[in-house]
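One chain comes next, on its own, written as structure tokens: the form predicted on its own.
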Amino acid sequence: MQSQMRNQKRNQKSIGVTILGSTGSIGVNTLDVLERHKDRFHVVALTANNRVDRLFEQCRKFQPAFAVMLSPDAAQQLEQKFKQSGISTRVLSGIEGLEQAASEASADYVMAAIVGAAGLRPALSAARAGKRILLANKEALVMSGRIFLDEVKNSGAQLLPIDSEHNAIFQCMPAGFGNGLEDVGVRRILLTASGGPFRKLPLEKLRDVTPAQACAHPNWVMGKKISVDSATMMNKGLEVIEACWLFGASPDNIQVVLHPQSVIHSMVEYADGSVLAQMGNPDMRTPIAHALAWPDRFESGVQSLNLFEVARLDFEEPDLQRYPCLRLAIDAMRAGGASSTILNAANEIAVQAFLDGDIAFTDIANIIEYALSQVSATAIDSLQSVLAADALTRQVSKEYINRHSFSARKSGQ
């Protein structure tokens, strides 16, 4: 029955796609892949926070039925530009507009690529509506875990990971992994990480790094927030939490491996000693194309991997003294309850404060640790409890930053 349904979906005239966060790097790469397969897909809705000009250009090119700006002021500006240009795309705004775009009946697939907690509610709307969810927003699972997965299960939605690491694990997993890793002979997950731009920087110099340095990732082109998370390795910590939910693993089943070349995107080790790895150039169009075409394969625009140019593959164990955020994330997953929600909210506040020049790079972990010690990790049993823990943590973190003279930086911007 499932195979028959998949065949019907693949054989339909055109698959409707909504992209939540179309002006970010994931959204731009998704549109690139979709454009290569115009006979198979059409764009239903595009959304952005406040980048009016970029969303306008995307809408002019792809002619979606809906465009959503999270900012109401930006939505008014976009609507005016549409009127002047004769574009018939309907403009929506706010979180309600995002939820409507995510659950729109004509959208078969939803790319969930809004960064941070802002992406939770529209991703949940896509889950409730039974969509194929291409999940690039790891915070949806980090914050709401079981709630999100229950919505997917109850509606019959499909959940396919877009993070290069989780997509790699998905490709290396056997069928039926949802029944338990031990039952399908999986021993552990090897989650790779580049180590970011400060992998070799002396520890005493970490406090002095600037936002510009933290955002200069050696292998990937990403937004500022994700780039800073990569530099602190919080990104990998959030991925450990996400992997636990996606693959029914515990933190003890997951080994983070530093792999500076970013060619092996992750690995799965089996009970017989076999280790399966997914490899490729560091280009997000590969996992995007995989999830769009699954269970088929099609061209993504990514160049073939040249192993002779790569020449070598290096691996290191992460130093938790250098990457305290990774330790905090793993501890939060083990603690359960609202701990992961608290971790994520405190990290978002701390990263923004660092980007604004209000705190030093090494203060990020200190603020997160403080929030985890101050906000009660109560049980998470509803969206309201998730949002309440998130809001309280943001308040506590902001007050902590304001109360301490973090702005006395050793280095300028």
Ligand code: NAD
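Here the structure is a predicted model, which is why all the values come from computation and not from measurement. Start at 1 with the first residue shown and count on from there.
The same protein has a further form, the form predicted together with the named molecule, not shown here; the description that follows concerns it.
- Using a 4.5 Å cutoff between non-hydrogen atoms, Gly301 does not count as a contact of the named molecule in the predicted complex.
- The named molecule in the predicted complex comes within 4.5 Å of no heavy atom belonging to Ser397.
- Interface membership of Gly337, defined by any non-hydrogen atom within 4.5 Å of the named molecule in the predicted complex, is ruled out.
- Although the partner is absent here, Thr18 lies well away from the named molecule in the predicted complex, with no heavy atom inside 4.5 Å.
- Stretch-level contact analysis of 180-188, 111-119, 268-276, 80-88 against the named molecule in the predicted complex, using heavy atoms and a 4.5 Å limit, identifies 111-119.
- The three marked residues, Ala48, Asp163 and Met284, each reach the named molecule in the predicted complex, with a heavy atom inside 4.5 Å.
- With the partner omitted here, the residue from Pro72, Gly223, Gly156, Pro174 that has a non-hydrogen atom within 4.5 angstroms of the named molecule in the predicted complex is Gly223.
- Note on contacts: among Ala136, Met233, Ile169, Ile133, the single residue with a heavy atom within 4.5 Å of the named molecule in the predicted complex is Ala136.
- Using a 4.5 Å cut-off on any heavy atom, the one residue of 71-103 that reaches the named molecule in the predicted complex is Leu98.
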